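Taking the form predicted alone, here's one chain by itself in structure tokens.
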């Protein structure tokens, strides 16, 4: 800090300087001295000769005498916004760069979720779930829990908005996806009219494997419905509404295709008979139990209402020991269940459904595996995304 004394006991760089003369007596009185100490005489006279006449000698003055001071650092570099002072936030359209909203006096500790709520007040058509705010028009979306003062922004924060489209809750999506196949399969199993012909209306198959397949298929989707309601904890509350049509087409369409052939009056049982069915049933049951165990382990890993992420590790449950080798064993068990169901029914549509499901779950597993490696430095190096030692 550089402070200059003028004849009016004030500090100002804008006025021309006059010779300051001797130090004011008040300054020495404030320091408890009636006049400069004798030992300071030579040094004081030498300082007067060396310092320009408009500047006083370097004497520490009390705060009372320092009326106005100019910070040289602030005048040259610009003073950053002090912590705790309200900030300004402007929200621009990420595509057109048009200013959509200007928020004044936003608290520095405000989260992105709170900023979204403020933005909704001026644009009610964009509720918080369909907003994506980012620091760069093509960058990643900021998380709802991110705090404004911790972001790399200045006094006026510029955020870019993208519309995610109409949203729907994950619970609603899952319930719709899983209830459809359960209902559709039973229509074919009970052979309701207009499917196989009048003489087969409400008749029953003579093959035991057909009834067993219906039990397994129904158990799988009832389990999924119950897990959606009581087990799963979602990191994101919603998903785009358009996805529900794509997902339902996949699940409902394959369910109808599989059920049509398995429950067809001309259906033939597996080639190796009861032995093939028993082996496939054992695979299906084991994988269903494993899938449920993994879902429970993941649920216990995240407290209710929290979005914290931790490294999943095996528990005392033997079905969770697959975590030693795989990042997403729930997908591994899911694929195993459908492979067992395909072996049990020896039906081509089931095999194709298993292949498509395996492809999609492999993509998801690889994405989660990369996320784990990026987020946790001590992530177990032996793990693979979905298949131990291979994939």
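Positions refer to the first chain, counted from 1. Just so it is clear, the structure is predicted and the values come from calculations on it, not from any experiment.
In what follows, reference is made to the form predicted in complex with a small molecule, a form of this protein that is not presented.
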| query | finding |
| --- | --- |
| Heavy atom of each of 234, 309 and 368 within 4.5 Å of the small molecule in the predicted bound form | yes |
| Partner proximity in the predicted bound form: residue 361 to the small molecule, non-hydrogen atom cutoff 4.5 Å | yes |
| Distance check, residue 295 to the small molecule in the predicted bound form, heavy atom within 4.5 Å | yes |
| Touches the small molecule in the predicted bound form: residue 291 (any heavy atom, 4.5 Å) | yes |
| 4.5 Å heavy atom contact, residue 214 to the small molecule in the predicted bound form | no |
| Interface segment, criterion being heavy atoms within 4.5 Å of the small molecule in the predicted bound form, picked from 243 to 251, 272 to 280, 101 to 109, 185 to 193 | 243 to 251 |
| Candidate from 284, 161, 119, 178 lying within 4.5 Å of the small molecule in the predicted bound form - any heavy atom | 178 |
| Selected contact from 207, 130, 302, 134, since only one has a non-hydrogen atom within 4.5 angstroms of the small molecule in the predicted bound form | 302 |
